[in-house]
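The chain below stands alone and is given as C-alpha cells, in the form predicted alone.
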C-alpha cells in the first residue's frame, strides 16, 4: 500500500514576519478608531462592511490571486499570516472571508470570463459576500446524496431544492452551490453534480435562519423555488463538479480558522491567571499551547502545499478534524484549569461571561466545513484504507 500523506516542514520567511507587524498595527488602528471591538460576541453588519473596505484598501483581499484578476500574486504564506492575525484579534472578516479564501479561487479556475469580469472586482473591493451551498436536509455532509436539482432550460438553468447549514447566507450576495444535473451511476456515485454561481437576490430564493445555542444566527436553510440562472453562471464541467468541490474544500479546511475560533477563550484565561505561579496551571497551559503549536505547524505546511500548486485534500481534512476537535474542547479544558484558582484572585463574573459564550459557540465547530465522521472517511480513503 502506497501512502502519499506528508506534512513538509515550512518556516515562514522574514517577509512574512514583517507583514505580521504591519497587520498588527492595522488591527490596532482599526480598534482605536472604533471600527470594531475584539471583545464583542457578534459584530453588526455595518462593522463588517467598514472593515472589509479598510482591508481591501490595504490590498489584502485576493492578495494571492493572479494580477490579471485584480490580485497581487503574493504568496499563500503571506495570506496565511494576514488571516492568522485577523482571527487572533477576532476581527470582523465575514464580509469577505469566504470569497477570498475559496470562492474567488474557484471562479478564477472554473468560471466563465463574463463572470470573472463581473464578480472578481467586487470581491477585491470588499463588496461581495459569498456562502457555500453543499449540505442538504436529510443528507448532511454526504454530498453524494445531494438532491437539489438544476434543470436545463432555454438560456440557462432552473434550481429547485434546499441547502442547509449554509453559513452567512442571510447576508450573502452570492452562493457557489452544488446541484444535481444527472443521476449518479452505479459505477460512479460522484457523477451528476454541477457547480453554479447563484445570485442570492434572485427571485425564488428564501433564506431561513437557524438559531444557534448562542442565540445568534450564522447557519441557514436556503430554499430554491424555480430559481433561474443564465448559462454563464455554470462553473466548470457539467456533471463533473465533485473534483472542483474537493479542491475547494482543500482551501476551506486547512486554515488557522480551524483552531482559532475559540482563541478568545484562551485570551480570557490568560488575562484571568496573569501573575499566577501555580505549577498545575502552568503545566496545563503549556500542554494546550504545545498542541496549538503542532496544529499551526501542520496548517502552515498545507499553506506551503497550496503555494506549490498541490491539492492537499487528505492533509487538509486532518487539519480540520484535529483543529476543530481541539477548538471545541478548549473552553472545557480552560474551565478545568481555572477551577484551580482562588475566586478572589480574578474577576469571576467577567471570565464566566466570556467562557459561557465560547462554550456555547464551540458546539458548531465540528459541523461546519464537513463533519468529523466525513473528514475521517476522507482521511481513510487518502491512506488507502477504504
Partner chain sequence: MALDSDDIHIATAERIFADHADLQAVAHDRAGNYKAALWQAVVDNGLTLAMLPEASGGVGLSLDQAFDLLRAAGRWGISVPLADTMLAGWALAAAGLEPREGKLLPLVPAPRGKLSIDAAGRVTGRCAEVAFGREAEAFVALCDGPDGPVIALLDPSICQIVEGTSLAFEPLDAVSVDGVAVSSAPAGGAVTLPEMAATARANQIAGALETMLDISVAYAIERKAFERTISKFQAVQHLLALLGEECAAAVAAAVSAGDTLARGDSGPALLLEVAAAKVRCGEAAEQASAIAHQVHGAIGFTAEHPLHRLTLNTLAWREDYGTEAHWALALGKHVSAGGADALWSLLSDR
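Numbering follows the first chain given and starts at 1. Since the structure is predicted, the reported quantities are computational estimates derived from the model, not experimental observations.
Missing here is the form predicted in complex with the partner chain; even so, the following discussion is about that form.
Notebook entry, point to check: Which one of these stretches, 210-218, 82-90, 191-199, 172-180, sits within 4.5 Å of the partner chain in the predicted complex when only heavy atoms are counted?
Noted result: Checking each option against the 4.5 Å cut-off leaves 82-90.
Margin query: Taking the partner chain as it sits in the predicted complex, is residue 321 in contact with it (heavy atom to heavy atom, 4.5 Å or less)?
Written below: Because a heavy atom of residue 321 falls inside 4.5 Å of the partner chain in the predicted complex, the answer is yes.
Next item on the list: Considering only heavy atoms, tell me if residue 292 and the partner chain come within 4.5 Å of each other in the predicted complex.
Entry: Flag for residue 292 set to yes.
Check: Any of the heavy atoms of residue 297 lying within 4.5 Å of the partner chain in the predicted complex?
Finding: So residue 297 counts as contacting the partner chain.
Margin query: Please determine whether residue 263 contacts the partner chain in the predicted complex, using a 4.5 Å cut-off between heavy atoms.
Written below: Contact with the partner chain, yes.
Check: Thinking of 286, 377 and 385 as one candidate spot, does the partner chain come within 4.5 Å of a heavy atom in every one of them in the predicted complex?
Finding: All three within 4.5 Å in the predicted complex.
Item checked: Of 270, 117, 308, 153, the one that lies within 4.5 Å of the partner chain in the predicted complex (heavy atoms) -> Answer to the contact question: 270.
Next item on the list: Taking the partner chain as it sits in the predicted complex, which residues of 274-288 have a non-hydrogen atom within 4.5 Å of it? Please list them.
Entry: Residues within 4.5 Å: 274, 275, 276, 279, 282, 283, 285, 286, 287.
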